[in-house]
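Each of the two blocks below gives one form of the same protein chain as structure tokens; they are labelled structure 1 and structure 2.
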Structure 1
Amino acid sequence: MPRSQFLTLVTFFGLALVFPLVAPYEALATEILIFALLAMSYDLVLGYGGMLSFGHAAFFGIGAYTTGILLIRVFPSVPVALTGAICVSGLAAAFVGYASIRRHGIYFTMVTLAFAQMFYFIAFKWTGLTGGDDGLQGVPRPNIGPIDIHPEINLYYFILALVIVSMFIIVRVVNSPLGATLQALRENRNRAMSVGYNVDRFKLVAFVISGCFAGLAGGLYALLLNMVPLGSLHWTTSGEVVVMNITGGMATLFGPVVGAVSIILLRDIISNYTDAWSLFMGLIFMMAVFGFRDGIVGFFQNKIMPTAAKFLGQVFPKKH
């Protein structure tokens, strides 16, 4: 792992430790953590793989429903439920990815959207298992050994530990040969194919890894809400994740985290003052796109930091 990424990870960990103390309330801080994980998982597909999927909510929702159903009907164990969420979401991602990965551009986007709506319709109609339009109610939050995660602050730090481990794994994937190959495929697919890369296989592996982490985020969301809303499977959830990535900065590792913090925090603040919060969120998103073409993190990396370094170089010139 490059030193700069390690320092950024440590900085994130330090800020995340005190975040519940400055956030409006602890549940909001936990929700931001969960969506930051979801946005980072999606960055593997969009930012590094160049695949605009509108079906990521499917894996998030499947992870949430799997966790809820396992905890309610099978075995009241959080580790077992979350492991199940990761596995089932990974299988769903393998199925969707295998069927859609050979399509490109808008066709890939539409196929993933169609699969997401199919899962949404199944959950809507299968009322006996999923609760239908009312969602899956009464998801318990059992202790994890001696750890009581009923208090919101305990749940936050439990989820923070999982998010840190997940981020470390995602960073390792991005810096691995798989990550480098994904970026090569994104930049020039034909050239990558000409040197012998199996494009579809690399994309499918990234898609499945991303689906596994999205499923974990969904499972954590079920624990936070003590229920699974049907909307977790809706395509609008996928749209929110796309917006988080674009606002924060794609393929910047921590841009999706910044995007998740910005979107959810602003949405919470604005919705306290007006019911037309979505209108203001749309305006803010437009300003972010026009003002930060590379996202907030990309803007600081490409504009602010070089300018600051140049200024400091003029004020404090090196002695020869």
Structure 2
Amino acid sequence: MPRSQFLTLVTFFGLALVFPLVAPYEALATEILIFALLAMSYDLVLGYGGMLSFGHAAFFGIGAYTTGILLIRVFPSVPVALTGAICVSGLAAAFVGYASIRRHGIYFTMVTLAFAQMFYFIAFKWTGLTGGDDGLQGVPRPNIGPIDIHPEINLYYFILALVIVSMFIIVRVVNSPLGATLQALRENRNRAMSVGYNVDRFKLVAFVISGCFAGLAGGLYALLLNMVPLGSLHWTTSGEVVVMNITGGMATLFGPVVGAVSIILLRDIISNYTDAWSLFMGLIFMMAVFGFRDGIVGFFQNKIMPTAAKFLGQVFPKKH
């Protein structure tokens, strides 16, 4: 892991430790953490894999429903439920990925979207299992060994621990040979194929890893809300994840995290004044596409940092 990424991860951890103290309320801080994880998992697919999936809400939602159903029906244990969420979401990602990765570009987007919609309809209609339109109500938060996660602040730190570990793994994946191969595929698919890489298999592996983390994020979301809203599976959730990546900065690892923080905070502020959040979300989308394509992190890296470096270079000229 490069030093700069390690420092960013440590900085993130430091900020996240004190974040609940400054956030408007603790549940919002937790929500931001969860969406930061979701957005970062998606970066593997879009930023590094170059695949515009519009079905990421499916894995998030499946993770949430799996956690909820396991906790309510099967066994009231958070570690078991979250492990289940990761496994089931990973399986779903393997299924969707296997069927959609053979198509590229636009087709890939549409096929992932259609599959996500399929899961949405199943959850919508299978009322006995999922609660249908009302969502899955009454997800408990049992103690984890001696830890009581009922107080919001305890839940926050529990989730923070999981999110940090997940981010650490994602950073490791990106810096691994797999991550390098993915970037090579994204930049020049034909060349990567002619070198002998099995393009589709690498993409599928990235897709599944991403699906697993999205599922974990979903499971944590169920714990936070004590329920699973049907909307978590809807394709507008996928759109929201995409916009977090774009506004934060794709393929910058921590860009999506910055994007998630900005979008969730903005939603909280705007919804204090109006219920037209979707309208603002759409406008943010359009502005991001027009004027902010590198995202916030990209903006700092490409515009602010070079300017600052230039300025510093003038103030403190290098000695020859």
Partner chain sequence: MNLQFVFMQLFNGLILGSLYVLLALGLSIIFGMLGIINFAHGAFFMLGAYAAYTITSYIIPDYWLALISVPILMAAFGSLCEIVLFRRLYDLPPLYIMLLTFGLMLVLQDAARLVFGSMGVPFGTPKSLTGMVNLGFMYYPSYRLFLIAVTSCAAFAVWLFLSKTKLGCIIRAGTDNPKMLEALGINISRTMTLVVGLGTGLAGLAGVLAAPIQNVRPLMGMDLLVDCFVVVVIGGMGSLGGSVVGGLIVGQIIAIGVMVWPPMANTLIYLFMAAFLLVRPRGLFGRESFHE
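Here the structure is a predicted model, which is why all the values come from computation and not from measurement. Superpose the two forms; the largest set of C-alphas matching within 1.5 Å is the rigid core. One-based numbering along structure 1's sequence throughout.
As summarised for this chain, the first structure is the form predicted alone, and the second is not. Shown in the overlay between structure 1 and structure 2, fitted on the rigid core, is a CA shift at Ala288 of 2 Å or greater. Remark: with the core as the superposition reference, the CA shift of Leu52 between structure 1 and structure 2 stays below 2 Å. Core-superposed comparison between structure 1 and structure 2: the CA of Leu265 stays below a 2 Å shift. Taking the core as the fixed frame between structure 1 and structure 2, we note the C-alpha of Ser278 moving 2.9 angstrom.
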